[in-house]
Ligand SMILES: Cc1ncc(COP(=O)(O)O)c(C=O)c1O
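Single chain ahead, by itself, as structure tokens, in the form predicted alone.
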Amino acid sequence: MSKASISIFKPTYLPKAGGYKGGKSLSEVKAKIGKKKLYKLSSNENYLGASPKAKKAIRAAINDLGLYPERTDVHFRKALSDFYGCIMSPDQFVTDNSGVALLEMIERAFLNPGDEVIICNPAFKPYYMFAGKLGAKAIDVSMIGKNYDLDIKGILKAITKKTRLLFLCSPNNPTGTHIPQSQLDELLPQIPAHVVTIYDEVYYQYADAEDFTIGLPYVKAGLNVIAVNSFSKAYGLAGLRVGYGYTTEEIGRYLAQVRRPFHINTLSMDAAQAALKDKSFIKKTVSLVQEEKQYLYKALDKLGVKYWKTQANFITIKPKMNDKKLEEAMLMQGVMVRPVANFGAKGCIRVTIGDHEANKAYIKALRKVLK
């Protein structure tokens, strides 16, 4: 066969260096190092597992697996509206097969080749990875200062006629820090109407800072904001892949035209709706993280390791050791951690807050490796 003169492939989808790489699975690590006891603290999962009510809903739906799920997510969106006290209509919610799938769908809905998106590094890599695949350009307006504050003047200056999306994340992945409400109050009303702000709040349940806010006040004010959430974190449904967002009715109805039919499977929708009602599980999850992060702060202080106090279910550290070497050394001690240089946090390691047994094992391993 002769070589084609015109490529059948889109250049933006061809493999390139620096693509997103998810955290390693337990099975692949066990196969590599053969550890009988392994603590996975690399993917910000819920160390308590899944909501019991979600598990019960899954068992109840097992016999219906031969049937298609509902063509639309109308009942799921109604449940989300109820969860927020019906202050938003079901039309203001959009759902998808995970938070990251929702991000991709939003970018697909708003971006054309040549458009621009603004990212505030350190940031979740899929923000700009998806933009690149769509032929859009990512503009980095990095966070500033030791607390990773927004560069408000820099963001406003970076906005052009080509800008379509602004990505904000609070609590932020990978730093664990949050955007104070005062900064959002200053910035968001100044964002022009041709720009949509994606407000990633997937870790919001863990936040306890007095000046933390979710995206709801800005959506209620009618601003072009889409708040993105996931059931993979606090609800413990990472294996089911289900996420949602809320926004204005105008944007919500537009995104409804973008999503495909049967876009979420039956088990995911049933489990997610049940998980929304499991307040005791969320309380138990958050209590564990709040208690254990205090233990970890003290232990890290003793070790003299630099870290950032967190509003999420992980703590990011910056040890005086090469991040890749530390990751490998920790693996040999049976503890999985995650370097986040590819998220814009050079030399940093992100570590999930586990139960007390896992956290003790992490500190013991870290102490040994750093020595």
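The model shown is predicted, which means the values in this text are computed figures rather than measured ones. Residue positions are given as counts along the sequence shown, with the first one as 1.
Note that the form predicted together with the named molecule isn't included here; everything after this is about it.
Stretch-level contact analysis of 186-194, 268-276, 227-235, 141-149 against the named molecule in the model of the complex, using heavy atoms and a 4.5 Å limit, identifies 227-235.
Taking the partner from elsewhere, residue 106 is found to have every heavy atom lying beyond 4.5 Å of the named molecule in the model of the complex. By the criterion of a heavy atom within 4.5 Å, residue 241 is counted among the residues contacting the named molecule in the model of the complex. The named molecule is not drawn, but in the model of the complex it has no heavy atom within 4.5 Å of residue 73. At a distance threshold of 4.5 angstroms between non-hydrogen atoms, residue 163 is out of contact with the named molecule in the model of the complex. Only one of the listed residues (218, 206, 127, 246) places a non-hydrogen atom within 4.5 angstroms of the named molecule in the model of the complex, and that residue is 127.
Distance criterion of 4.5 Å from any heavy atom to the named molecule in the model of the complex singles out 202 from the list 131, 198, 119, 202. Taking the named molecule as positioned in the model of the complex, the residues of 149-180 that bring a heavy atom within 4.5 Å of it are, in sequence order, 169, 173.
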